[in-house]
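Shown next as structure tokens: one chain only, the form predicted alone.
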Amino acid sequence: MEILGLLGDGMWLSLQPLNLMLILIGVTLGLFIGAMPGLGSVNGVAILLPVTFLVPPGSAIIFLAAIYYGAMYGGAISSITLGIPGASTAVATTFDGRPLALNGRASLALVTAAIASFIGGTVANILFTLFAPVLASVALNFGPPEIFALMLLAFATFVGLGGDDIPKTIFSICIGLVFAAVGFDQISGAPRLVFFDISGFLHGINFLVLAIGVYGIGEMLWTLDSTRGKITSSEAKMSFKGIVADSKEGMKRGWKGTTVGSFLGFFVGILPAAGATPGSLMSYGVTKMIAKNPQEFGKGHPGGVAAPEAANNSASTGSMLPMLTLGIPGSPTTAILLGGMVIWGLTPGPRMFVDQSEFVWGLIGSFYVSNFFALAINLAFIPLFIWMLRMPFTVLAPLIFVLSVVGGFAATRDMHDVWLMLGFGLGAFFLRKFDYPLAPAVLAIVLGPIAEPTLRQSLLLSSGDPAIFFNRPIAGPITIAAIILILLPLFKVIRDKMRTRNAA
């Protein structure tokens, strides 16, 4: 009951006129910042951080958290309507959101994304409120072996993303891992895979640059090629009855994805330095793996939209937990928020819930309020997003190209990355022509920079003994589950061959 009282006080504080106004402004700004390719929550919070010095610290963090929330919602918009991920957290949304839009079901995709985001955020808020200290201690028990085991489990879902062609899936994963290794070695500091000694490769390959190239430029080229000059605008209709019907259909077909994303996203979000991107990609893979008809994923399944959207919103709340309770940022965006809190004279850590309880519970209360207004504002703007799809593709194609180039440059402000993005777009187009799955490569380049250093750190801790992944209480079960999942396709191949021989 004490927690409910503190939460009530926090929500009342967040509903004060100044804080409520900042929440509305923050969520609306975040929605459009998230929808702009190349920006995302990190850049949005960083750009608007100086504005917060005009208001009290409590109101400032509420404003920045509202931007974070809005950006998580907004990332799905350009992923669905244009096929360009607004942020790295929305890449997985493109897998099924864009096909739905091309099939004239953009309203279903957008409504499903909004509702799944709301449910994911709500579940995460409740878990945060009830179990913050306990979950913080659990996250603290995740060392390099546990994090690598979790990444291995994520890799185990890749095979399901690539369909039945296992060799092509493995090739796609290997390509992603090669790109993830470009730049300086995180442990030795030595440069590696610097192709043709081009200095631009020294800072590595920015994931957002790759994602925009693959799903922006690549998607545009694929559409131009597949339509063979008969380019028309996507059919997109909008009505209140349609929203209600889409809500029902989205939840009926996407409830598994929403459930998986809400809980898995929060869990991954609380792990220091993980963030919402791995959580959303892992949730997509797990949802596809447990689906009755996994072959429908990638072609326009609401569950493929619900899972990553629930996950990235849940993870955004989860990443706040280690920041407040341990002083460790759970994502790049919370790292900026942590810096702002230090500037405002606040000290994140275990004592914050005691020494600065009004600030903490005001922030937690604002999570609930921001989540509600983000849903309302998102649904209100859906007609605008639908209108974008009514434009002829002869107008949309140049718009997609310009937004992709601007987004690719905005991510790193380096022309090398713009040329790289164009190269990725061409490469993705040809891979798709030859039926190579793109999703495993995208997932590999996200998780590679997390998996590799944790693998090497774990082996350094154990003097090269791989048993460290099996004899630890948390890492052991996760590793065994991952190995079983990796071997399942092999068992399936053997079973099918035995059936063929018996039939003959």
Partner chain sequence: MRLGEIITAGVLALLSIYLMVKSSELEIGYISGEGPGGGAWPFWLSAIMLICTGVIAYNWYKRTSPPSQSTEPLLDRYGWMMLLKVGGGLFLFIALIDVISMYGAMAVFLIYYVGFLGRHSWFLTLSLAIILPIVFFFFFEGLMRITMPKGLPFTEPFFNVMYEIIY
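Superpose the two forms; the largest set of C-alphas matching within 1.5 Å is the rigid core. Note that this is a predicted model, so its numbers are computed, not measured. Positions refer to the first chain, counted from 1.
The same protein also has a form predicted in complex with its partner chain, omitted here; what follows describes it.
Among the residues 29, 46, 474, 455, the one placing a heavy atom within 4.5 Å of its partner chain in the model of the complex is 455. Taking the partner from the other structure, its partner chain in the model of the complex has no heavy atom within 4.5 Å of any heavy atom of residue 344. A residue is said to contact a partner when one of its heavy atoms sits within 4.5 Å of a partner heavy atom; residue 397 meets this definition for its partner chain in the model of the complex. Residue contact with its partner chain in the model of the complex: residue 392 places a heavy atom within 4.5 Å of it. Although the partner is absent here, residue 217 is a contact residue: one of its heavy atoms lies within 4.5 angstroms of its partner chain in the model of the complex. The three residues 292, 381 and 385 each lack any heavy atom within 4.5 Å of its partner chain in the model of the complex.
Stretch 183 to 191 is the answer when you ask which of 183 to 191, 261 to 269, 364 to 372, 310 to 318 has residues with heavy atoms within 4.5 Å of its partner chain in the model of the complex. Shown here without its partner chain, the chain has 451, 452, 455, 456, 459, 460, 463, 464 in 443 to 476 lying with a heavy atom within 4.5 Å of that partner in the model of the complex. Once the cores line up, the CA of residue 376 ends up less than 2 angstroms apart between the shown form and the other one. Relative to the superposed rigid core, residue 25 undergoes a CA displacement smaller than 2 Å between the shown form and the other one. Comparing the forms between the shown form and the other one on their rigid core, the Cα displacement of residue 57 stays under 2 Å. Relative to this form, residue 180 and residue 295 separate from one another in the model of the complex, with their C-alpha atoms ending up at least 3 Å farther apart.
The gap between the Cα atoms of residue 71 and residue 219 is smaller in the model of the complex, by no less than 3 Å, than in this form.
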